[in-house]
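Quick setup: one chain, the form predicted on its own, written in structure tokens, and binding and motion questions come after.
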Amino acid sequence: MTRRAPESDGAQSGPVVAADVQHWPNPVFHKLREFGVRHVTYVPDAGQARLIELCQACREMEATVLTTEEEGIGILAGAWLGGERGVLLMQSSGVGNCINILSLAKVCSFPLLMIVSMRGEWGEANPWQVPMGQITAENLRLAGVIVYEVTEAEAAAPAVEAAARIAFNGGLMVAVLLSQRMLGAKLFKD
């Protein structure tokens, strides 16, 4: 079932994101299609809003909004058992919700491709995002996830391609971390 949710990351007023970084979603979307990604699971996120819109509009993809990030891992496990590929889109704050369930992908050796928009980094305006943002990469690595950190918009699509290749060919967990410096700091207006 495809469900759509408003583009929001929970704040009462909308984010202000640098406009010149919005060209990266199209090539990333095309890489996902090239690798036959059919299922896109996500928690609404302003940093990946355009990528989510592209996936929602694609007839070959089923975009499923989640209430919590770890649900996406279960959905993607089922998709893989059914012979289909998927991706989990989330913010770095959601990585903390997934640490325990990552053992499912590790023990069962199914591919898990994640694209994570970082918070708590460059120019963060919300102090609640900082603790998890500072330890996201290390936590993922400790859980056995291969981590590709992207700091330049033009590197996003090649990183997703490399991550999809190793995940789907090797049955591995891979996360592409999109830095806040690349995405633009989210500044909330009054």
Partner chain sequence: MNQPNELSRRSAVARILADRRDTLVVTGLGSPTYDCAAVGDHPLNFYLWGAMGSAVTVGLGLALAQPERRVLVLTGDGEMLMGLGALATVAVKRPQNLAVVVIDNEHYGETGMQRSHTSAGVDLAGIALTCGFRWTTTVKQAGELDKVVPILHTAEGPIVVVLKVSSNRDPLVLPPWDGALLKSRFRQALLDKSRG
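Bear in mind the structure is a predicted one, so any value in this text is a computation, not a measurement. Residue numbers count along the first chain shown, from 1.
There is another form of the same protein, the form predicted in complex with its partner chain; it is not shown, and what comes next is about it.
Visitor: Taking any heavy atom pair closer than or equal to 4.5 Å as contact, tell me whether residue 136 reaches its partner chain in the predicted bound form.
Guide: Because no heavy atom of residue 136 falls inside 4.5 Å of its partner chain in the predicted bound form, the answer is no.
Visitor: Within 4.5 Å, heavy atoms only: does residue 38 come near its partner chain in the predicted bound form?
Guide: Yes - in the predicted bound form, heavy atoms of residue 38 and its partner chain come within 4.5 Å of each other.
Visitor: Hey, in the predicted bound form, is residue 79 touching its partner chain, heavy atoms inside 4.5 Å?
Guide: Residue 79: contacts its partner chain in the predicted bound form.
Visitor: Would you classify residue 67 as touching its partner chain in the predicted bound form, given a 4.5 Å non-hydrogen atom cut-off?
Guide: So residue 67 counts as contacting its partner chain.
Visitor: Since the chain is shown here on its own, which stretch among 152 to 160, 25 to 33, 126 to 134, 57 to 65 would lie within 4.5 Å of its partner chain in the predicted bound form, judged by heavy atoms?
Guide: Of the options, only 57 to 65 has residues within 4.5 Å of the partner.
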